[in-house]
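Take a look at this single chain in structure tokens; it is the form predicted alone.
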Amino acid sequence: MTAVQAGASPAPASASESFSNVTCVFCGLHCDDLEIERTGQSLQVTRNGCGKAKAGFERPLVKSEPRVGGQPVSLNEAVAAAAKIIRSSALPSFGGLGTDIDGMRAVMSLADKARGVVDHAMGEGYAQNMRVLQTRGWFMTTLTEVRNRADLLIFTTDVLKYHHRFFERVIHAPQTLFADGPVKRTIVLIGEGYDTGPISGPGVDEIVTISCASDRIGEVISALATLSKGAPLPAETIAGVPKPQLEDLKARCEKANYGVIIWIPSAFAFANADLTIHRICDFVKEMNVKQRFAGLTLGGSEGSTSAAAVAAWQSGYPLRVSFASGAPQFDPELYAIPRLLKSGETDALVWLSSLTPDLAAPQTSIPTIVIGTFDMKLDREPDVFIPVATPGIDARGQIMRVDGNVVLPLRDLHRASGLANSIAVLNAIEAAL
């Protein structure tokens, strides 16, 4: 089997072409209301795009060819070289996973045949969430429920750093399902470094800031839970937060019709961060005894929500799956690619990044295959590099929204990049094994 330029468009007309209701792949929200203008091979976001969308869609298309050992080769030669590396590997690792649903299906199939390990670049944040879900369970909500019902939102992460249009799309909604106007909401920011400017807008009645170090947010939530149970809190400050502030937040939580606590797992980049998530989820469950409260985790960038869903569909397990035994096995510690690279247990790395150029492969001395965007940022020249089409720009596809409840269609914007679809490349490598 040979790799073909699957999904490539015919040469674009010189006249411009307009596209509406375009889905953006450049953060986990996957906003589907963008308007894009194409002139030749150039794209311009003309409406509803944030900075990430404009940077992603409008980056200029430059010529990129497959390379082996840094030298240009044909696509089929690059596929053969990649297959040779994987075939000779005792335990290949398949990482990055910046792709859409069908791309992830192709990764899982290839990893199964190659008896390799599958882990997303943001696997540690995902594993933190899964440890809590598997050991304690949780009450979770969706973006739609937040938009239509939530009147108290407690943020433990600066969501706008990751999802620029979150407040515009969800909180500042001019109309909701159960009212003619926006829901009147109180926004509580626990942590540090928030920019409150973009938060103000329709429906936001009040913004409350509770300052503390990020690695002490769990202590604040624990103190809040203690007060909610009616138990004494002898300390006058917790993690630097005065007791009256905590008592005020307790009262707000108890008065809320629909409260939501929001976090981004990858933002909790400190030791034992899963304990903070654990404390958040326990507090949510405790509040549900008397009222409606929910959690909302907002990772989802670089296709991580899609990758996690496909891993579960295809193997029956969450991410960090190994096919080394001939059957899928799950272990969030053992099958973490960073650990495998450090210990020397993996001897080949296949890194997929078809959505953005920013998902750089880790530096390693083992043979590395990078299947990435035409402008992929490379810290070193990989043994094999294959540029591929970007789903949602150069190829059709589907991608799952950050809350894991909606699958959105991705468009081919007829840019005629001439790049092969990553699915075709992965399938060709598998056929060559």
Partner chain sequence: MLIKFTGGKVYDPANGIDGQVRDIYVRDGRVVTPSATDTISAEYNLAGKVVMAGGIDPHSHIGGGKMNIARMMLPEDHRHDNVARGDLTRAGCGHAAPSTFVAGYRYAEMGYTAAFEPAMLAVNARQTHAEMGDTPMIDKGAYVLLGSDDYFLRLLTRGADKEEIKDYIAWTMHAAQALAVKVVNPGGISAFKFNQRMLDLDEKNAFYGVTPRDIILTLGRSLQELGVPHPVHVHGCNLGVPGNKETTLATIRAAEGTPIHLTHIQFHSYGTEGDFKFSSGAAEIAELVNQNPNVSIDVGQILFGQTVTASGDSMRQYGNTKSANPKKWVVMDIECDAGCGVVPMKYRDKSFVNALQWAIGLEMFLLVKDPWRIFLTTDHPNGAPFTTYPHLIRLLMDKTFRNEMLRRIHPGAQAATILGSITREYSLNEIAIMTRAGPAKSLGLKDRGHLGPGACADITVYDDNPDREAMFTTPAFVFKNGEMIVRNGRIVHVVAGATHVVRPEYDRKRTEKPLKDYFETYHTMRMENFRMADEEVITAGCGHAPGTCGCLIVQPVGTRK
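These numbers were taken from a predicted model, which means no experiment stands behind them. Positions refer to the first chain, counted from 1.
We do not show the form predicted in complex with its partner chain, though everything after this point is about it.
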Position in contact with its partner chain when the complex is considered in the model of the complex, options 147, 250, 164, 278, heavy atoms within 4.5 Å: 147
Among the candidates 38, 401, 67, 52, the residue which, in the model of the complex, approaches its partner chain to within 4.5 Å (heavy atoms): 401
Non-hydrogen atom contact residue 33 with its partner chain in the model of the complex at 4.5 angstroms: yes
Contact of residue 105 with its partner chain in the model of the complex (heavy atom, 4.5 Å): yes
Interface membership of residue 44, its partner chain in the model of the complex, 4.5 Å heavy atom rule: no
Contact label in the model of the complex: residue 175 to its partner chain, heavy atom within 4.5 Å: yes
Interface stretch in the model of the complex with its partner chain - options 355 to 363, 342 to 350, 84 to 92, 305 to 313, non-hydrogen atom within 4.5 Å: 305 to 313
Sequence-ordered list of residues in 108 to 134 near its partner chain in the model of the complex, where near means a heavy atom within 4.5 Å: 108, 109, 112, 113, 126, 130, 133, 134
